[in-house]
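Next up: just one chain, as structure tokens, the form predicted on its own.
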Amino acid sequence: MSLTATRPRLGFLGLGWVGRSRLDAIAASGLAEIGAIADPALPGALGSLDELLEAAPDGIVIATPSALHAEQAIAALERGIAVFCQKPLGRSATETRTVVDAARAADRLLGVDLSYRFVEAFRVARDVVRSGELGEILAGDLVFHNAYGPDKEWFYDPELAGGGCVIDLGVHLIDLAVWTLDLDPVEVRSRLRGHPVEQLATAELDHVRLACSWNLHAGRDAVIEASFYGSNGAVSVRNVNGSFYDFRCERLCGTSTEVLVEPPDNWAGRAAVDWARRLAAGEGFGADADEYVRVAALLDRIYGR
């Protein structure tokens, strides 16, 4: 693809619930053409990645099991095709780095669906932190407890998934901490519980605490929170009424609370649309992709590997 503004043709690999929702979001944006679809379980679709690559799209959206992400992304990038991939990009920092290096070598745009960066409540919280108005950030608390667990068996296979709730849910918390605080911890301590993969995990990364779980008795669908406490105040994002989609951002000072963002916010698919916009604008490799390696390295440290 020439690096000039155009309407790119996209291929989609994997059309489960997530893949379909990303396809719908990009289609609704009008930023790209839906060129080809590959999913062996979908009648009328192409049956493999090889067939999809032969269709020569400008970019592909990958929504397949985690163990396949790195290999599939590299195969596309080496053909000069941009990639938007579901998280995790790799099951380890080593795998993730090989993908980022392939994107750099090919000068192709690489995106990962770290979708909470595109939620308005989290964006505003980051802006508050980065403005300096909270003073020195003394502590961060980030939580993602899911009352349910994944419904696919491969999620519970450490070889296929790369881990359990940490790599599935905790990756979002780590990414939010890196994105908001530019987190680069000296000390990482963690406790993982469950077998063969963890279903409950806690971790301390210097002054930031993380907790995530599957199948927690939460009394609601989910508990999702990111709070940052400074010497001059705090900012907190929490999901509303256990929702996976609705978030409120509040500025905290002493015993007072100021609401900064209220739902609704139609953010699902926004990360994929942003990648399509950047691709349509002719962007190649971006140095922001190095943050994917940084997040993966912190995951490795939590897993003790």
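This is a predicted model, so every value here is computed, not measured. Numbering starts at 1 and runs along the sequence shown.
Missing here is the form predicted in complex with a small molecule; even so, the following discussion is about that form.
Engineer: Of the listed stretches (235-243, 38-46, 25-33, 274-282), which one has a non-hydrogen atom within 4.5 Å of the small molecule in the predicted complex?
Structural biologist: Every other range fails; the passing one is 38-46.
Engineer: R108 near the small molecule in the predicted complex, any heavy atom under 4.5 Å?
Structural biologist: Flag for R108 set to no.
Engineer: Is G162 close enough to touch the small molecule in the predicted complex, meaning at least one heavy atom pair within 4.5 Å?
Structural biologist: Judged by the heavy-atom cut-off of 4.5 Å, G162 is well away from the small molecule in the predicted complex.
Engineer: Residue-level question: is P88 within 4.5 Å of the small molecule in the predicted complex, judged on heavy atoms?
Structural biologist: Although the small molecule is absent here, P88 would touch it in the predicted complex, with heavy atoms inside 4.5 Å.
Engineer: Spell out, yes or no, whether the shortest heavy atom distance between L13 and the small molecule in the predicted complex is within 4.5 Å.
Structural biologist: Close contact exists here: in the predicted complex, L13 approaches the small molecule to within 4.5 Å, heavy atoms only.
Engineer: Exactly one residue in L68, L252, A55, V261 has a non-hydrogen atom within 4.5 Å of the small molecule in the predicted complex; which is it?
Structural biologist: Looking at the other structure, the residue within range turns out to be L68.
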